[in-house]
Each structure stands twice: as structure tokens, then as C-alpha cells.
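Only one chain is shown below, in C-alpha cells, and it's the form predicted on its own.
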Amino acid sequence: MDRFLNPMALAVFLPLLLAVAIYILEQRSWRIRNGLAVASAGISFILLATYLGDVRSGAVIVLELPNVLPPLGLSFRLDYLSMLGGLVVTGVWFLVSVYATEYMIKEHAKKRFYPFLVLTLAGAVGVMLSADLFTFFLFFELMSLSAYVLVVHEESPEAMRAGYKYLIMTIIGGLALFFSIIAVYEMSGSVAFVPGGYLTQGGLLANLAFIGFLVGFGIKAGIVPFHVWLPEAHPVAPSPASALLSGVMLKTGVIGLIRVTHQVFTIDLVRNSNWNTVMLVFASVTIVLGSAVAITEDDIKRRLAYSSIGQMGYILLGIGLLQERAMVGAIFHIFAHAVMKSALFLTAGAVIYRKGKRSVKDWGGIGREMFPTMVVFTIAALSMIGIPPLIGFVSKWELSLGALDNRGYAFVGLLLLSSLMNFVYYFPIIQNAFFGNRKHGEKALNIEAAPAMLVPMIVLACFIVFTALVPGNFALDLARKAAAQLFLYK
């Protein structure tokens, strides 16, 4: 019992309990419901943050629960990578939950939305802290299936179609992961994440296992060609859910790829089997295609969704280069993209909430009516383009240096091309919002977002601006240490 009272265990299991409590207590008071939803992420964040000093000092904290779901049991670990991932999940989730307390007032089915919001949080935290493939798979599936309810929340024909596609892709990904985990166990007798990896021999089964991991995790990360669910699901979900789907949940897929590439397979096996080349090809196509389609989209949430696809290509590029400095950029971008894209989806949601405008062509003059909101949007968009010293520039800088270390000059050019494409689909929105004209006959209104929505957006904007400027940048420090730990046994 004491193990379940461990702060690490509480960070994972407390949201599960609170999801049930929210469902039971919802009819008594909406304030209790909202408070518990916000507290679930906030308490998990605090519990994980208590370990931050120890982890930054090099400690690896392991929690084994062998009597839960024997014979494999559950196991959790806090190292540099899981600490950064856990803080990103719970921190962003807390801010989005605060935002949701205002945004969801106009929405229906809140009794269903909030429990599944917290249930999805439990799955995401469990994924980030997992110490083996079995634990990872269980929480990955919990997160994925719970998120289906968030995707179909509107219950419109579009939402139901998107939810069906999401569910089909989730099942395909889950089956691929299940096969790969069985294959790993058959080859090694273990499913643990071990520094340096333990699968050293190639062959048909090893290749099929890696394909399964690439498909399963690639679907969740929105990697081309496994991305087909993403541009349909993100736009139809409520904006708080869109922010979490894009800002947080996509990262669970790339975290899985990092773990498998470095802590199940050995780097030498991945390189000798040319799986890194496959990842680099997928990354390049993902970066270009995601950005190219984003340029053509007029619906703001679809444009942001395709932008997320391109951004996931950055992280896959950093993984596929099999180079420490590139991995620093990939891991830091997990943090950077979570903050940037959450800010963008929340600001877009605020405009839709206040003005009902989803078409970017209709955003003329909104920057004068919702000035703080559009300032946050502008900061996040400029960071996505890669303007220094914003956090988007930091990850692209590290990725570029890693590519140059491998003489991957073409990949540096690809990152520059992507930045240009980001400019093409973000800058017109900013220009139109601040300098464009409203539609003929449309009156100017003071329609700024409510404080519960505005404050989380401003906090995210502060992270975007100041993270790279503050000495002892904790996110970059954790990213560098995580990359060094992954390549320690190369």
C-alpha cells in the first residue's frame, strides 16, 4: 500500500480516482467538478516537481508494482526524459483545464467531458513515466480510447466521422504495438526500457517489431503517412481538447519512438538495419507535406492541425539522425511545441468562442478587438517560424547543429524551407488581424476573452518568450541531459 502513496504513483493514479469522483459529484456542484478537473493536473504537476532537484542531479527513481497485473506488473521511472515529459503533460494540462472552465460553459455534455478529460490525463502521465513496454502500452491505450470521447464531443456528423477514423487508426496502432511488444518479449524475454538497449541481433522478427513500433507510435504522433486521423479530429474537438491533442498527446508517440530506438533496440542495430534512414525519409516528407497543406487551409484549426504534423517531423528528424545534439533539439521541441501549439489552439478557440469565426479570411481587425489574445497568437506563431530568442528557434538551432555534425546539409536546408513555409501560413493571419479591415457593416466590439481563458494563454506566452532567456533553462538542461543519457551507451 505504501507504494501507491509514493508521489510518483499518486501522480499517475490520482487522476484516475478524481475522474470517478468528478463523475459522481458533478450533479452536486459544477464548482466541485471544475475544481477537481483543474486540481488533478495541478497536483500531479506538484508531485512530479518534488523530484525535479533529484533528477537534475542525476538520480533515476524507479517504482515497481509487481503485484499489479502479474506476471509483468507495472513499473515507473523518473529520469531526465520522463521528468521533462511528465512536467510538460501536467503543466500544459493544468493551464488548459483552467481555460476549459470558461470555454465549456456554452458546451453541452459537460458531465461526460470532464471525467474523460482527467482520464486522458492519467493515461498521458502514465505513458511519460512508464519504465517498460507493457506499462507504456496499457496507459497508451487508456489515453487513446479516452481521447475518443473528447474528439466526438460535439456529436455533429463531422465529429462522428472524425471520431470513427480516429478510433480505427487507434485500434490499428494498438494492434501494431501489441504485436511488437510480444515480438520483443519473444526475442529477449524482457519488455523493460534499458539504457543502451538489449536487442542487438537483426532478422525478420526484429524488423517486423520495429515496423510495428513505427506504425503504432507514428499514428499517434501524426507522422505521414499515418497522419490521416489528425486533421479531421483536431478541428472538430472543443478547443481545450484540440490544444491537448496537438500540444500533448502527439508527444506520447515520439516519446515511444525515442524509448524504443535507444532503450529496446541498440543504436548500432537501428543504424545497421537502416531504420534511421527510414525515419529520416518519413521525417522529411512529414515536414514538407504538413507545412504545404497548412498553407492551403482556410479553417484556422485545420491549419494548426496540419502545422502540428509538420512540427512532429522535426522531432522524428532529431530521432532519425542518431546524433546527440540533434536529439537535444528533438527532446527540447517536445517541450517547445507543447507550449507553442497549445497557445495557438487556445487563442484560436478564444476567437471562435467570442466571434464564431473559424475562417482566417474573417479575422480582419480581430487584433484590435482582442488585442491581448492576438498578441499571444503572434508570439506563438513567430516562435513556430523560428524567430530568436523564442523557444522555437532554440529547438531548430539544436536540430541544425546536429544535422551539421552528421554532414546533413540537406536537412538544414529542409529546416530553413520549413521556417519559410511557416511564415507563409502564419504571417498573413497576424497581418490581417492587426491591419486588416472588418467585414462591411460589422461593428467593433470589446470582446476580449474572459480572465480564466486569457491568463493561461498569457502564461504560455511567457514560457515562449522567457524560457530561453532565463539562466539555467530547466527545459533545455533536461533535454541536454536526457540526450546525453540516451547516447551514453552508444
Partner chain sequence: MVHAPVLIVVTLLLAAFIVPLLYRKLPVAQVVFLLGIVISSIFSIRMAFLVLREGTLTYYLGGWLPPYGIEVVADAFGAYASLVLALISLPISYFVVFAPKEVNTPARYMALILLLMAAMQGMVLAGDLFNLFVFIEICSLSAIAIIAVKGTRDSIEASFRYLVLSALGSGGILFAIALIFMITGHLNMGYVRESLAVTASLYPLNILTALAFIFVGFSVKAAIFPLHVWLPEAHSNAPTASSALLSGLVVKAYLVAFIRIMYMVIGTELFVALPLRPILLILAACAMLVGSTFAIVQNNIKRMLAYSTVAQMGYIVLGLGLFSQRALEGSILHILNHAITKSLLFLAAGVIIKQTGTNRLSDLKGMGRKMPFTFAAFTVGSLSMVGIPGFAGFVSKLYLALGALDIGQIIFAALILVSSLLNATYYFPIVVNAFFGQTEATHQGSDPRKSVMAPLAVFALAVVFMGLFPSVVMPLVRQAAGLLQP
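The model shown is predicted, which means the values in this text are computed figures rather than measured ones. Positions refer to the first chain, counted from 1.
Form predicted in complex with the partner chain: not shown, discussed below.
A.B. asks: Between V278, L167, I105, L269, only one gets a heavy atom within 4.5 angstroms of the partner chain in the predicted bound form; which residue is that?
C.D. replies: Among V278, L167, I105, L269, a heavy atom within 4.5 Å of the partner chain in the predicted bound form occurs only for L167.
A.B. asks: Quick one: of I211, V194, V375, L175, which gets a non-hydrogen atom within 4.5 angstroms of the partner chain in the predicted bound form?
C.D. replies: Only one option qualifies, and that one is L175.
A.B. asks: Answer with yes or no whether A410 is in contact with the partner chain in the predicted bound form, where contact means some heavy atom within 4.5 Å.
C.D. replies: Because no heavy atom of A410 falls inside 4.5 Å of the partner chain in the predicted bound form, the answer is no.
A.B. asks: My question is simply whether R354 lines the interface with the partner chain in the predicted bound form - judged by any non-hydrogen atom within 4.5 Å.
C.D. replies: Although the partner chain is absent here, R354 would stay clear of it in the predicted bound form, with no heavy atoms inside 4.5 Å.
A.B. asks: In the predicted bound form, does R358 have a heavy atom within 4.5 Å of the partner chain?
C.D. replies: No, R358 is distant from the partner.
A.B. asks: Using a 4.5 angstroms cut-off on non-hydrogen atoms, would V68 count as touching the partner chain in the predicted bound form?
C.D. replies: Result yes; V68 sits at the interface with the partner chain in the predicted bound form.
A.B. asks: If contact means any heavy atom within 4.5 Å, which of 120-128, 197-205, 97-105, 216-224 contacts the partner chain in the predicted bound form?
C.D. replies: Answer to the contact question: 197-205.
A.B. asks: At a 4.5 angstroms cut-off on non-hydrogen atoms, which residues of 116-143 are near the partner chain in the predicted bound form? List them in order.
C.D. replies: Stretch hits, in order: F134, F137, L138, E141.
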